[in-house]
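As structure tokens, one chain now follows by itself in the form predicted on its own.
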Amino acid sequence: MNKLESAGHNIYFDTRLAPLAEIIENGKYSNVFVFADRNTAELCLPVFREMLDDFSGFDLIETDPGEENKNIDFCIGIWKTLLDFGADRKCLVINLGGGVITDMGGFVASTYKRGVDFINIPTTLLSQVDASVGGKTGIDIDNVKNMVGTFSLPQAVFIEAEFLKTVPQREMLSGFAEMIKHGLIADQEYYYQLKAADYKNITTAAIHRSVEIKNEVVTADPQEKGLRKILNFGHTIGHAVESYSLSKDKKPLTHGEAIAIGMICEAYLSHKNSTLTAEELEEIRQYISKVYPAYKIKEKSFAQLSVFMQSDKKNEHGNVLFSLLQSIGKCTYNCRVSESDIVESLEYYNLTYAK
């Protein structure tokens, strides 16, 4: 269970980075760079070095933490830093951090000198089960998430449970939302296993299953032409709520908190526009609202949320498209939904915590 084969690379689990040591030591790369934010550099870089027997043959590129910094200005700074270090096309970039680091680091590597090799070492639960797997890279524009990016595969992904010891509980819960999503869209039994477990003590086996589900989907559809779109369940509304919160709230929602909102709303849309039963909708609503804190979606924000949804990269021909559940464990995609139904779903979410 310590390795999954993906498209052209391997995803390793709890190997203490032993395969990475072999990659670095084979002499293929002229330079090695580790890209991290300040928090990761403080908390995770020592663990990274210890796993590699105090390896120091790299240059550190450090950035500010937070989704608000996942933008082109920071990328320009990283590109310039690589130039200053004399990085050529034979260098290796190791992205050590959460989803912001793997998204942005992958984008920087895939575009620097038309592309250099990179490796992802996700250090948060969210990045381990989601952002680091699948070959998507991206940055935000005007608080709209991942509007510029590439499909570019890493040379390898290393998932180490030890890094999760550095992750605050709120961030663990953020990643758990993506695990719930994986069960809802593809594996009913896994969804109920997560529900029965203690989300505060997530097992390596559960992480492995989530990565396995995502890997199966993205391997079947690497360019997101069809099946891969099911991974967007909860994200059309969830990303809009997240973007709004980032721009308006003093303490913005985490990605997972926003996706939890999106999953309740889009489960409602699944009941109204697909074949999800009322009983299944209530099951999903009750469970997610039990795990995640309430967030009031203000009615005056509905228009701005609609603008964010209209900018969603999944849309086609001006239509806002959704991935909707047919049942727990089965999902369809490219579903058109009326604006009035979207508003109803937001109102349904607001009523959820009043029930």
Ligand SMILES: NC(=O)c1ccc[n+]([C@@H]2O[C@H](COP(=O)([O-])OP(=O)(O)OC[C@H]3O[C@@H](n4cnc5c(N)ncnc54)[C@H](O)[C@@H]3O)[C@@H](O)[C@H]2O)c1
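Computed from a prediction, not measured in an experiment: that's the story for all the values here. One-based numbering along the sequence shown.
Only in words, not in the display: the form predicted together with the ligand, which the text now covers.
- Heavy atoms within 4.5 Å of the ligand in the predicted bound form map, among the stretches 296-304, 34-42, 54-62, 324-332, onto 34-42 alone.
- The candidate spot formed by V133, K145 and V167 lies fully in contact with the ligand in the predicted bound form, as each residue has a heavy atom within 4.5 Å of it.
- Proximity to the ligand in the predicted bound form, defined as a heavy atom within 4.5 Å, singles out one entry of E280, E171, D187, E224, which is E171.
- Shown without its partner, this chain lists A267, A260, I101, V108 as candidates; in the predicted bound form, only I101 has a non-hydrogen atom within 4.5 angstroms of the ligand.
- Taking the partner from the other structure, the ligand in the predicted bound form has no heavy atom within 4.5 Å of any heavy atom of S210.
- Taking non-hydrogen atoms only, H182 never approaches the ligand to within 4.5 angstroms in the predicted bound form.
- At a distance threshold of 4.5 angstroms between non-hydrogen atoms, N95 is out of contact with the ligand in the predicted bound form.
- Proximity of F233 to the ligand in the predicted bound form falls outside the 4.5 Å heavy atom cutoff.
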